[in-house]
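Just one chain follows, in the form predicted on its own, and it is written as structure tokens.
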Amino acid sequence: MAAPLTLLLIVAVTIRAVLFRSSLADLISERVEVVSPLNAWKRVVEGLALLDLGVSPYSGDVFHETPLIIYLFHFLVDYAEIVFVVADGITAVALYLSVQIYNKNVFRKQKYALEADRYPADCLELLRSPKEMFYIPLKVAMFYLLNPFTILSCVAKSTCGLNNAVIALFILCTLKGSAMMSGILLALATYQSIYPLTLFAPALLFFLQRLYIPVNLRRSSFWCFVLQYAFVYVGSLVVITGLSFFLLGSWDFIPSVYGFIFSVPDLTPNIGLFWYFFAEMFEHFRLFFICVFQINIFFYTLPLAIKLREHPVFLMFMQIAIISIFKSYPTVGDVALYMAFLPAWNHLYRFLRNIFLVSCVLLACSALFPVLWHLWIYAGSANSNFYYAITLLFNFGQILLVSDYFYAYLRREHHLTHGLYLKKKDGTEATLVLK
């Protein structure tokens, strides 16, 4: 598989290099679907200019990235294009290796369950074969590297690509069983954008499952490992934050980065749900609804962790998708990360109910974003309602996609336990309903 992956990387680098040298690069870097006030490259450049003048980059309302990012590009600004291409390559390779490890674990568990005769006889057709799983890691890497969303994000030099690389490395270290590196990389991802905090639960569940420690609040072994992993995570976060203070000489970055993410003061249009809603919001209601919108991301973690406690990798996918949909300043680069995992769940296709509808909605919205933006901003024949309507539809499509995969995953697991052809008490065929 090394040769196909190498060829894929060469093709991906070539596409990006051509676009970097084309006249489209400047146009792409201005698209509100691709960059946000948090990760736009022009804001990084302005922050670097302030830093070179001896002024804090956080003294104005321009730069909202973390200190480590600005100091990274302080030394590598002349090689920025290479940095973003390498970040995409690292993400793809990390996802490739992660899915490879995950498939091996799935096949091993499936083999043990077969030997123990745990599956009903009529559901053997649902089991996965090595031949079916062989090309899935390559498909995952391809879905990431050749996804137009990823390519646009890279060409725009959005720092979202760096965040994706950190999250992908976190997933790889988690699946490899390295709790220390997992905690450190999760802390780095949280430091970058807060929201990856919700990935703590699936990572913890994975390690507990790997070490055969039951999730039991009365067991000392459970609390011992929870405290160890939490110590690595929190300790790393404190060290990284302290390093940022040491580099910058002040705590200005905390309100400028994390306060900016939570309070959403910049209402520049994007593909998220926040900007239009708060542009129309009366000021005295703003704090309440900001809390409601922000809690939305964290609210799903506990119920999903309870329902998917035996399936932490799928829980990780669900959490990454929820972050990309409900975060305050989403871009298409965030969407590309969780969409790369879709080939890993190709065994769920037979249970998906709305995949054709969702595919059409997402493709149509992707095509209509620039059209409605042009009609609103340049032609003046539309208004913000048109653009927000298409963002609502785009997010509706994503929610429908994620919930459809959630339903399909639970349905397959139910069939593996109770059989494929379910019957009611009166002998008629039963229908599964997700409640």
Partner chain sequence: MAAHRYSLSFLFVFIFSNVPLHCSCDTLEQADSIVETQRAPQSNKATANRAEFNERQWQASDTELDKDETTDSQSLRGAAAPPVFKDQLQEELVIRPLPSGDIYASFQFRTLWDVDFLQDGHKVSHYRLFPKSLGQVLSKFSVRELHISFTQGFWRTMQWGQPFIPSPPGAELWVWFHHTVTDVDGNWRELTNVLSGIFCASLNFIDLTNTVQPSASFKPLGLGNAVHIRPVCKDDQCTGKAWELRQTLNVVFDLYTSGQGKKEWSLFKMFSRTLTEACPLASSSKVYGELFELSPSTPLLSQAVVLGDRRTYSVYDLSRSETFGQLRSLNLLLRWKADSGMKIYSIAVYLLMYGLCYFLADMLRPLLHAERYVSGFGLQIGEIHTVIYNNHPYRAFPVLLMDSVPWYLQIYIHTLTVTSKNRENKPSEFSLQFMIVHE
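Note that the structure is a prediction, hence the values are computed from the model and not measured. Positions refer to the first chain, counted from 1.
What comes next is about the form predicted in complex with its partner chain, which does not appear here.
Heavy atoms of Y407 never reach within 4.5 Å of its partner chain in the predicted complex, leaving it off the interface. Remark: W373 counts among the residues lining its partner chain in the predicted complex, judged by a heavy atom distance of 4.5 Å or less. In the predicted complex, its partner chain lies within 4.5 Å of some heavy atom of L53. Not displayed here, its partner chain is kept clear of N383 by more than 4.5 Å at the level of heavy atoms in the predicted complex. Put simply, of L68, V402, I390, V62 only one has a heavy atom within 4.5 Å of its partner chain in the predicted complex, and it is V62.
Residues of 211-238 include none with a non-hydrogen atom no more than 4.5 angstroms from its partner chain in the predicted complex.
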